[in-house]
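Heads up, the chain below is alone and in the form predicted on its own; it's given as structure tokens.
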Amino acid sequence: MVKQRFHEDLALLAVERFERGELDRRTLLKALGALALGPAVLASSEVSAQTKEIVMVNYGGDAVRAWDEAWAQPFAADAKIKVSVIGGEPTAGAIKAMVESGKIVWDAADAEAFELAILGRDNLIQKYDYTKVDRNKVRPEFVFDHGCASYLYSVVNGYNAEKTGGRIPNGYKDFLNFKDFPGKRAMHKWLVGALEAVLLGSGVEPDKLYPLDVKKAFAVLKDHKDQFLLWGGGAASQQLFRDGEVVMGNIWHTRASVLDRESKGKLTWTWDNGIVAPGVLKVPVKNPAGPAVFDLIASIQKPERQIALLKILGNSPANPAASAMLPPDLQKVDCGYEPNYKRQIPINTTWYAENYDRVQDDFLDLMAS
């Protein structure tokens, strides 16, 4: 608790310096993003005054540099509008806190697609301006009223080829095949891909996967609970494989490709039954930059900017035209490249929007019991 109070005081000092003119908005936003306290502190400041700047926020780390290089700098050069990319905690709760306080400082924030329906229903984010953003540059399954895919990622079945004797698992259909593939399984703590793997492994066909049969999945988990090791972040998932703790299991394709490269194919993955999901940019209501944010989002759809993000960070292009332009080495790691995409299953965002919070809590309770 003392640590939290200290961080809050640091944030308040930063706000005071901004209001005295000693810090510019970008420096302040970076400081608050690092502290993950932006919405709470900004509610009592005048930081959200109109500026000639567009601010995008993601969850930090390498993504800040990647978005800046691939998306922000090229648009800023074209439009002569300053674009700042910051790291923070752009959760649905953070958006809600900003909007309710009336102190909105983000123009676009990284999001899971299933958040859009919930935030849109509560009038916390804007509908997309599809006169600017081109819905035809995104797969139709990833176009929504309040946003469309800006990039793609997949939760794939990674495996240790030495532990499988060189055999390639049949996607998630072998997830529960402990006879032929003995050993523990990695499982995503935050649900996406976890129940899908269990259901596919228990015999559910891909075209019958959604709506997820939670009751059946939970029954299977109870029977094999000691075989699963949960991870909550990408680095943790990689470490499970590096340390030899798991023979196969859930991993983001971006992390799987790193393991494959590092291990020269010993730790690798299969696209079969991967759960493909879109990353979207949600736009808060009354965002400071106004409609210009949709010009930025439209510029992100350009194939060369989608490919740039893939090269820097590993996120796959949302625009199929970009995937079609890739050389073989990048086709291999692109979940949106058509031959790879056909082997996977698009996430059902409607199911997740309606069920995620409830099922997520029940899932963690089950795994902790």
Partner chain sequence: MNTIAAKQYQQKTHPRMRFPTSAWLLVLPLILVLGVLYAGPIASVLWLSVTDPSPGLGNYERLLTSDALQRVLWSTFRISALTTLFATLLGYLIAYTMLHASARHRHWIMAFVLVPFWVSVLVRAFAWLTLLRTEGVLNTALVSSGIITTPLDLVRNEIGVLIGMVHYMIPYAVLPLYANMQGIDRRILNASRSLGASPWTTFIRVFLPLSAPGVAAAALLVFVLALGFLVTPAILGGGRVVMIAEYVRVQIMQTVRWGVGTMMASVLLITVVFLLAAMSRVVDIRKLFGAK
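Note that the structure is predicted; figures quoted are calculated from it, not measured. Residue numbers count along the first chain shown, from 1.
The same protein also has a form predicted in complex with its partner chain, omitted here; what follows describes it.
> Can you work out which of Phe218, Trp271, Phe144, Phe228 has a heavy atom no more than 4.5 Å from its partner chain in the predicted complex?
Contact check passes for Phe228.
> Between Arg255, Arg139, Lys103, Lys96, only one gets a heavy atom within 4.5 angstroms of its partner chain in the predicted complex; which residue is that?
Contact check passes for Lys96.
> Please tell me whether any heavy atom belonging to Gln360 falls inside 4.5 Å of a heavy atom of its partner chain, as the geometry stands in the predicted complex.
Yes, Gln360 sits close enough to its partner chain in the predicted complex that at least one of its heavy atoms falls within 4.5 Å.
> Given that its partner chain is not shown alongside this chain, does Glu89 nevertheless sit within 4.5 Å of it in the predicted complex, heavy atom to heavy atom?
Close contact exists here: in the predicted complex, Glu89 approaches its partner chain to within 4.5 Å, heavy atoms only.
> Taking heavy atoms and a 4.5 Å cut-off, does Leu240 contact its partner chain in the predicted complex?
Although its partner chain is absent here, Leu240 would touch it in the predicted complex, with heavy atoms inside 4.5 Å.
> Please run the contact check for Lys173 against its partner chain in the predicted complex: heavy atoms, 4.5 angstroms, yes or no?
Result no; Lys173 lies far from its partner chain in the predicted complex.
> Taking 4.5 angstroms as the heavy atom distance cut-off, pick the stretch from 76-84, 286-294, 244-252, 198-206 that is near its partner chain in the predicted complex.
The contacting stretch is 244-252.
> Given a 4.5 Å distance limit between heavy atoms, list every residue of 349-369 close to its partner chain in the predicted complex, or none if there are none.
If the 4.5 Å heavy-atom criterion is applied to its partner chain in the predicted complex, 349-369 yields Tyr356, Asp357, Gln360, Asp361, Leu364, Asp365, Met367, Ala368, Ser369.
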